[in-house]
Structures are given as structure tokens and as C-alpha cells.
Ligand code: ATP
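One chain is shown next in C-alpha cells, namely the form predicted alone.
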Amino acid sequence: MTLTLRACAKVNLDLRVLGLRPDGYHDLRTVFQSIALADTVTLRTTRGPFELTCDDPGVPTDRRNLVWKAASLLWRLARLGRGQPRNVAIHLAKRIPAAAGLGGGSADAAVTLAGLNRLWRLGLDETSLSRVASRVGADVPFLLVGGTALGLGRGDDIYPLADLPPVQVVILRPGFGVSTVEAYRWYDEDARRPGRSRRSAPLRRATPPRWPAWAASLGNDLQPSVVRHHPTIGRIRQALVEAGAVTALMSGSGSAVFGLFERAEAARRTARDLARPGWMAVATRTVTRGEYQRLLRLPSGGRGV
């Protein structure tokens, strides 16, 4: 049996750091949004040890990969056997860049959980898989839900919101990545410096009709600290707004920057005009929760784990 599933990327439409948790992580309030930019995850039943391959030689295919972690954890929790999973091969066709704040590795892990749920005939529902997902990574629970959603805690406590009206999205990822660990360290260092701003300066046009009220104050608290170390990110934001974006922000801990556009042609033209050698420049769109759930094909009612 072979399953081929799309692993959609995410952007953080809004990201606020509320404080430091006792476990060392940061308390967050973020609004996630699925976009159509996607990896392809192919799961195939085999005979023998678990196998993970990828068409990008820069992506690890051992226990460092969240797909490996997701498969191993689900194997153990479902009590399918001891040690590492067996009799399944997973191949990743990558399009979402790493260290970009787009959730590529987390999306692959979420799709792996959904695919193995079917391949291994576990019959687990979304709630049960979400419990597993939160142990794999903070972004993984949202990537089992999709659409527009509020994330609290580490970002893994998910509350679905009404879908944002259809929006065109331009993603620009410069020729460097940003480590999530470094981004939060820079934020904490700035927080200890008196007078240092930790809020994103507004950079947007008027909010379009039919957009929710919360969309009028989008921002990313990590952005100022990251921009101080990587000024290119600030210049990309400015260029996107000058090109007509409703708003432009760094996604997550960066380095990718997204711009929201009302018209597809404007988005395609902007991605083309702002492309640079060694960068990723793509015009894509938002994905609703209903569309996302059809892609994952999770059972609406199933047993727990």
C-alpha cells in the first residue's frame, strides 16, 4: 500500500511572546495560517527496518528528522512492537525550505502521523493524534488542524478560528536560515536591555473588507531582534509593502518573510520582481481548514491512544 500526501507549510500571521515558562520554553500567543506551498510525503508498506529518504541532501534522514521521531513515537504508543518501527518506507520531496519559520519539518511530521494512522489501520481521531503531535514538536499539533487557528502555550494548544478570507501570499526566503534557538536567545537578550523595543513597527496598508478585527494589528515579537542581526529581512518587508502587500511580516523565527496580497496577478508579479539568486521566491495562497482536512483525510471519530 502506498500513500502520497501533501504537507502544507504555515505562516504566523501574528506572534506574541508572553513570557518565559518554568520548563524553559516561551509562552506564546500566535495565529497560524496554512498555505498551499507544500512538501510531498510518500509512505509505502515494505518488509524490513524503517526507511526514511529525501530528495534534499541537506535534510537529515536519521533520528534528527521529526518524521523519524513521529513514526517512532506513534509505533511505541500504539504498541505495535519494540524498538524502531518496521515495514514502512517514507520519502520526502522537499519544497518548503528549512530554518525559514514555515514549519516544513513539522508539516512532514504531522502528515506522517496522519498517513501512518491509515497505513497501520490505527483508527485514531484528530484529538488522539494531537496528543502524539505535541510530543513531537510545538508546531505539529496545528499542522494536524490547518486553516486559521490560535496557538497558545508553546504554540501547541490549538483553537480553530474562522478561516481568513482567501488571500494570496508571497514568500521570500533569503539565502540564509535563522535558528529558532538563536532567534529566541536574541529576543531574551534584547528583553534585558532597558529601552530596547521588542514590538514590530507597523508596516501595512488598510485592512481589506471582510477581514477579522484581529487582523488590524498583526505583528511578530521576534522580528525586531532577528532584523537587528539580519537587516535583509527588514528590507524584504519594506519591498513587499511597496509592491502592494496588505502586510508583510517575518514568519515564526524566520528567515522567510511573507506578504499578503488581494490579487493573484499582483502576487505573482511581486514574487518574480523581488526574486534574487539563491533566494526562494514563490507566490502561493492560503488554505482553508476544510481543504486542509480533506488533504489529511483523518477519521472524524476513532479510538484514543
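Values in this document were obtained by computation on a predicted structure and should not be read as measured data. Numbering starts at 1 and follows the sequence shown.
FYI, the form predicted in complex with the named molecule isn't displayed, but the following is about it.
Based on heavy atom distances of 4.5 Å or less, which listed stretch (273-281, 55-63, 233-241, 23-31) is in contact with the named molecule in the model of the complex? Of the options given, it is 55-63.
Is residue 97 close enough to the named molecule in the model of the complex to count, meaning some heavy atom within 4.5 Å? Yes, contact at 4.5 Å.
The named molecule contact at residue 92 in the model of the complex, heavy atom, 4.5 Å: Yes, residue 92 sits close enough to the named molecule in the model of the complex that at least one of its heavy atoms falls within 4.5 Å.
Contact of residue 37 with the named molecule in the model of the complex (heavy atom, 4.5 Å): No - in the model of the complex, heavy atoms of residue 37 and the named molecule never come within 4.5 Å of each other.
Contact with the named molecule in the model of the complex for residue 180, defined as at least one heavy atom pair within 4.5 Å: yes or no? Judged by the heavy-atom cut-off of 4.5 Å, residue 180 is in contact with the named molecule in the model of the complex.
Which one of 102, 114, 170, 222 is close to the named molecule in the model of the complex, taking close to mean a heavy atom within 4.5 Å? If I apply the 4.5 Å criterion carefully, the residue I get is 102.
Mind listing which residues of 115-142 have a heavy atom within 4.5 Å of the named molecule in the model of the complex? The stretch 115-142, when checked against the named molecule in the model of the complex, contributes only 139 at the 4.5 Å heavy-atom cut-off.
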